[in-house]
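For reference, the chain that follows is the form predicted alone, supplied as structure tokens.
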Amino acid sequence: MRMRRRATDFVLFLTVLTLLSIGLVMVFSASAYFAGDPEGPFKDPFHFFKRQLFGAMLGIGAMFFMMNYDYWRLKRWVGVMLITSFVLLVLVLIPGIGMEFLGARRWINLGFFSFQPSELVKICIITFTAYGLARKKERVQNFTTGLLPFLMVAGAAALLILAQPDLGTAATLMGTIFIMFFAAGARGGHLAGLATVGVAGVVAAIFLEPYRMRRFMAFLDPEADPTGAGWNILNALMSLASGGLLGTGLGQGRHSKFLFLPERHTDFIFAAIGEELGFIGGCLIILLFILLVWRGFRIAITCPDAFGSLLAAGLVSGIALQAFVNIGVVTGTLPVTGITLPFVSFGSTSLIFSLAGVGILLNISRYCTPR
């Protein structure tokens, strides 16, 4: 029996809007100098800001739609979502359909903007896994019939994402599924085995690909190749260090302005935040993500039905892992991988589907037991 609807989680809603607002400001601040170069390709300092604002508007619309679309009705679309996921993951690898940028084929050009299928796929796989695990109930303690089917589906999606290549997204997807297995009540021995295999898989992916191996070696000693594989890490760390306690001020980041910091408005925007807003600004971003994760897991714990609980756990885990990996890369605690900071980094597709996922979380919060 469904509980009556209550008010949505306002703290979660406000936290996400705060991150989104900071992201819009920082995308403009970090990209304006490069985008406004009169001899550059854009010649408009607002180029990336306008595109991010467009994505934010679409994302907010998606968030409000999902906030009012009963999450139970998602069960009807599980099959369609799963088929769509794999069709898109195959299409993006086909030359002429998938766009190639910096050696990666992760986008499909829709004309008015580039669509990154893996962002939609994450929500689809999480929904499918939540639906299946909720139906299995106590059978999740049987590895073959309880966990293996979902592991195979998520693993197949992760392999297709890895072929783009995108190790960061593939690893965070599998990490999210692992947390969902834990939330569903899987046995500790099975989880330990999966964790061991997962770590071994990541290590193998690094060692089997020369450019990943170079990044890993640069992670261990970035100064050994300061103008090559170590460039990103060293400049990110210098950006963070130069910000001090209070930062240099918005638009005053020297590493961003003089283009020393790579991907300053996308993968390394946290370094731009550290430089321009200082240690306090960086801590604020981390605290906001901690608050988001707390509210998200609170929704998962207090949700009265298994499907909603596992869906909430999966959605918030995906956001948490992505933020953890991004900040870990920027601070030099993880090897460099191309993954954005949710709600903050430039990227319309990521923004739209991250906000749609929050909309589902807010919808689930309406049925949670008050505490």
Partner chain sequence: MYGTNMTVRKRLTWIFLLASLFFFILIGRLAWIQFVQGEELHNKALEVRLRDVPVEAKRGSILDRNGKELVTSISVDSIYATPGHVKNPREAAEKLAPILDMDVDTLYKRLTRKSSFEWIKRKVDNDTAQRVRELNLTGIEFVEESKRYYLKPTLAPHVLGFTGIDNQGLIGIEKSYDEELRGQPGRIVVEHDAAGRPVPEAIHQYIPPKPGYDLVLTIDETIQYFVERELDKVVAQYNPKFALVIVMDPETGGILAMGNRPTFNPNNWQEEPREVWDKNPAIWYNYEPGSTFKIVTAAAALDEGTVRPEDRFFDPGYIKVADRNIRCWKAGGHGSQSFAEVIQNSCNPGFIAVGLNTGKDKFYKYIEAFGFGQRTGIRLPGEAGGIVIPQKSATTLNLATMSIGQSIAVTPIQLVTAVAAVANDGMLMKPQLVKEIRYNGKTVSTIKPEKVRQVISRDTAHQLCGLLESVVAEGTGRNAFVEGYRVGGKTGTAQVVGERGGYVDGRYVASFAGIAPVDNPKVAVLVVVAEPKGGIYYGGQVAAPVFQAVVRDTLRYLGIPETPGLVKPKEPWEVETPRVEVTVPNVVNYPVEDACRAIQAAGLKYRTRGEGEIVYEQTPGAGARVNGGTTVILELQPVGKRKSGDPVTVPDLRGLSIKEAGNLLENIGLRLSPEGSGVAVEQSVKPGGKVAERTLIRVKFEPPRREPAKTSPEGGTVSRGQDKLENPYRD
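Residue numbers count along the first chain shown, from 1. From a predicted model like this one, the values you see are computed outputs, not experimental measurements.
Omitted here: the form predicted together with its partner chain. The next part is about that form.
Q: Whether residue 207 contacts its partner chain in the predicted bound form should be assessed with a 4.5 Å heavy atom distance threshold; does it?
A: Because no heavy atom of residue 207 falls inside 4.5 Å of its partner chain in the predicted bound form, the answer is no.
Q: Is there any non-hydrogen atom of residue 274 lying within 4.5 Å of its partner chain in the predicted bound form?
A: Residue 274: yes, in contact with its partner chain in the predicted bound form.
Q: Since only the chain is shown here, I'm wondering whether residue 120 would be in contact with its partner chain in the predicted bound form (any heavy atom pair within 4.5 Å).
A: No, residue 120 stays farther than 4.5 Å from its partner chain in the predicted bound form.
Q: Determine whether any heavy atom of residue 339 comes within 4.5 Å of a heavy atom of its partner chain in the predicted bound form, and answer yes or no.
A: No, residue 339 sits far enough from its partner chain in the predicted bound form that none of its heavy atoms falls within 4.5 Å.
Q: Only one of 27, 323, 63, 315 gets a heavy atom within 4.5 Å of its partner chain in the predicted bound form. Which one?
A: The residue in contact is 323.
Q: Of 213, 290, 250, 93, which one comes within 4.5 Å of its partner chain in the predicted bound form, counting heavy atoms only?
A: Flagged contact: 290.
Q: Spell it out for me: taking its partner chain in the predicted bound form, does every residue among 283, 306 and 331 have a heavy atom no farther than 4.5 Å from it?
A: All of them do, each having a heavy atom within 4.5 Å of the partner.
Q: For the chain seen here without its partner, which of 162-170, 195-203, 81-89, 294-302 has a heavy atom within 4.5 Å of its partner chain in the predicted bound form?
A: Among the candidates, contact is made by 294-302.
Q: For the heavy atom contacts within 4.5 Å of its partner chain in the predicted bound form, list the residues of 201-226 involved, in sequence order.
A: Heavy-atom contacts to its partner chain in the predicted bound form: only 223.
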